[in-house]
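This document starts with one chain, in the form predicted on its own, laid out as structure tokens.
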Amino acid sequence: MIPTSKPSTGKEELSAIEAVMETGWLGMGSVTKDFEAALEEYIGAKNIIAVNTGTSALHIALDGYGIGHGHEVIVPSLTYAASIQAIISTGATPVFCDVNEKDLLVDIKDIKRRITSKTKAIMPVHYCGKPCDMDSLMALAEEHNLVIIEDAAHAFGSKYKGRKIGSFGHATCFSFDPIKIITCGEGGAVALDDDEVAEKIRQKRILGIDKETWRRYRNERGWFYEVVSHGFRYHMSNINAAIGLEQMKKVDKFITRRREICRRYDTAFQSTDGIYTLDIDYSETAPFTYIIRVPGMRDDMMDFLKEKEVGSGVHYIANHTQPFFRQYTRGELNVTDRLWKEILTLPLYSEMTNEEADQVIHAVTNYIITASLTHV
């Protein structure tokens, strides 16, 4: 079975973990600091705070900007549940917005319709790795005094008009879980320019404790500490950071290979009846997933692909249809309602071979041919 996704790790990551184990300092320490520095250099960000998951990054970024009870955060329904849970965890209310049909990114016009006096933030999702229209979002934020918390879980390494995602804006949140473009095993990070908010987040990620971070960065244990704010246990360990450091040495190779596969898919599917590809410019997009739309045939195609030993998935089931999240639905989400039932995620990972990609292409096009003959 060709999997939908899988991590690309090897002996280098194992050696890095062993090196950390030999130091005896497994929690947050000097390796975490080195990983943050590597991220800052790669992205061009002023401040990077490494945390234990991408969900933690979203939550702590919202919290750092004071988002909480009585506030509303506009977020697309077509995203992973983590985005919504992060908002709810602050005490704020998620307000679902619609997406554009051509690329499944947030619909700016729909966002404007949903802004109220309670709106304090917008959480755009860089879906599949393609950046949202950040110029329009930042202008909207300035007009209404809002914070933009970018969910860039899919978009590590992507650029917007020549600038790396995370190098500008208010706060950008990344995920380094096992199947992301780079992995730490588990992990995440917040990138932001504001030094004051960054310091708040650094304290909050380790239970609101001050005066201990720099000792930890030097792999030293000090008995004295002060709790200066509300906080969480969100810090990243040296073990996870060590994996990430090795992955950073390979990131450009990973992105290049993913782009090659996506372009291979596009060439095959853009001329195939019954299949719709997303409008993505891969010169600036570091693709996390490859998604097609298959109106009226998605579920049948998934069954067919499984028989042909090709994995597939759905990114994502619309959140406003989920039992726990329905209470937050306001107004219609016509595009999302239609498209989440059409989208299909095909295999994409950095070590995928051309033969595997061609097997996927053959299975997908074979299904279309079979379906066409069935309906003749």
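We number the residues from 1 along the sequence you see. What you see is a predicted model, and the numbers here were worked out from it, not measured in a lab.
Omitted from view is the form predicted in complex with a small molecule, to which the following refers.
Here the marked residues Leu58, Thr79 and Lys180 all reach the small molecule in the model of the complex, each with a heavy atom within 4.5 angstroms. Residue in contact with the small molecule in the model of the complex (any heavy atom within 4.5 Å), chosen from Ile149, Ile165, Ala191, Ala153: Ala153. Think of it this way: in the model of the complex, the small molecule has a heavy atom of just one of Pro347, Gly54, Gly29, Gly64 within 4.5 Å, and the residue is Gly54. Residues placing heavy atoms within 4.5 Å of the small molecule in the model of the complex fall in a single listed stretch, namely 169-177, out of 229-237, 259-267, 111-119, 169-177.
The small molecule is not shown here, and in the model of the complex it never comes within 4.5 Å of any heavy atom of Gly244. Shown alone here, Ser83 lies within 4.5 Å of the small molecule in the model of the complex, counting heavy atoms only. In the model of the complex, none of the heavy atoms of Val75 sits within 4.5 Å of a heavy atom of the small molecule. Mapping the unseen interface onto this chain, Val125 counts among the residues with a heavy atom inside 4.5 Å of the small molecule in the model of the complex.
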